[in-house]
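Next up is one chain by itself, shown in structure tokens, the form predicted on its own.
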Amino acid sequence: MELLKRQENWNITYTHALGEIASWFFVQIRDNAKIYGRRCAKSGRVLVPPRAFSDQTLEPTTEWVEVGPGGKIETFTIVYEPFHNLPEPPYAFGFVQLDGADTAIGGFFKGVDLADPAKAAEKLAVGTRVEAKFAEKRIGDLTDFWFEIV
């Protein structure tokens, strides 16, 4: 049987309510330049970004915990090709486990020369210490902060 493929272009704008947990999280970023997670009462894990329920125990999270601003790189990628609605390349994006958190949050890396991919990858190596930095004017979004190597 021949397997066919089809190219489709979707450009959908969708506005949705963030809910109580995500709204509180983004308000803290916007108004206080702080990142918080939620603690699972059963396991004690601090989940960042916060969730209403633990991904492992399925129990409700119960307590807000301030995390970071320091942390370590868990994974990264360097993007050299343009993607719709993303920054002009090159840029680096990855996941960072902030101090006090048990899960990692995604964000952009700034302050690293990306002209030489091999040298940039050495600087962004897994385990590298970074610190969250916050925009002067924040809107309550993940783009309000980024990570820089300490």
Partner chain sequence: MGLNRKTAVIGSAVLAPFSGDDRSLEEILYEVSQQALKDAGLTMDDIDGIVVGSNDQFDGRAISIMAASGSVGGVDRDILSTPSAGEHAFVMGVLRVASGQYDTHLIVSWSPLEASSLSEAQRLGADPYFHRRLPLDESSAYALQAAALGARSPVAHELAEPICRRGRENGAAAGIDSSAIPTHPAAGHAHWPVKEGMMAAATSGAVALVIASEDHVRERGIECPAWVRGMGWATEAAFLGDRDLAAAEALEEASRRAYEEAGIDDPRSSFDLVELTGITPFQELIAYDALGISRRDDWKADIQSPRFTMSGELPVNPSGGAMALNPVFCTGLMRIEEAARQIRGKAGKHQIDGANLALAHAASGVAMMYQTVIVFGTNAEGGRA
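Computed from a predicted model, the values in this text were never measured in an experiment. Residue numbers count along the first chain shown, from 1.
Missing here is the form predicted together with the partner chain; even so, the following discussion is about that form.
J.: Is residue 34 close enough to touch the partner chain in the model of the complex, meaning at least one heavy atom pair within 4.5 Å?
T.: Residue-level check for residue 34: no, no contact with the partner chain.
J.: Residue-level question: is residue 121 within 4.5 Å of the partner chain in the model of the complex, judged on heavy atoms?
T.: The answer is yes: residue 121 has a heavy atom within 4.5 Å of the partner chain.
J.: If you check in the model of the complex, is residue 111 within 4.5 Å of the partner chain, heavy atoms only?
T.: Output for residue 111 is no: heavy atoms all beyond 4.5 Å of the partner chain.
J.: Is residue 103 part of the interface with the partner chain in the model of the complex - any heavy atom within 4.5 Å?
T.: Within the cut-off, so yes.
J.: Hey, which residues along 1-23 are within 4.5 angstroms of the partner chain in the model of the complex, non-hydrogen atoms only?
T.: Result: 3, 5, 16, 17, 18, 22.
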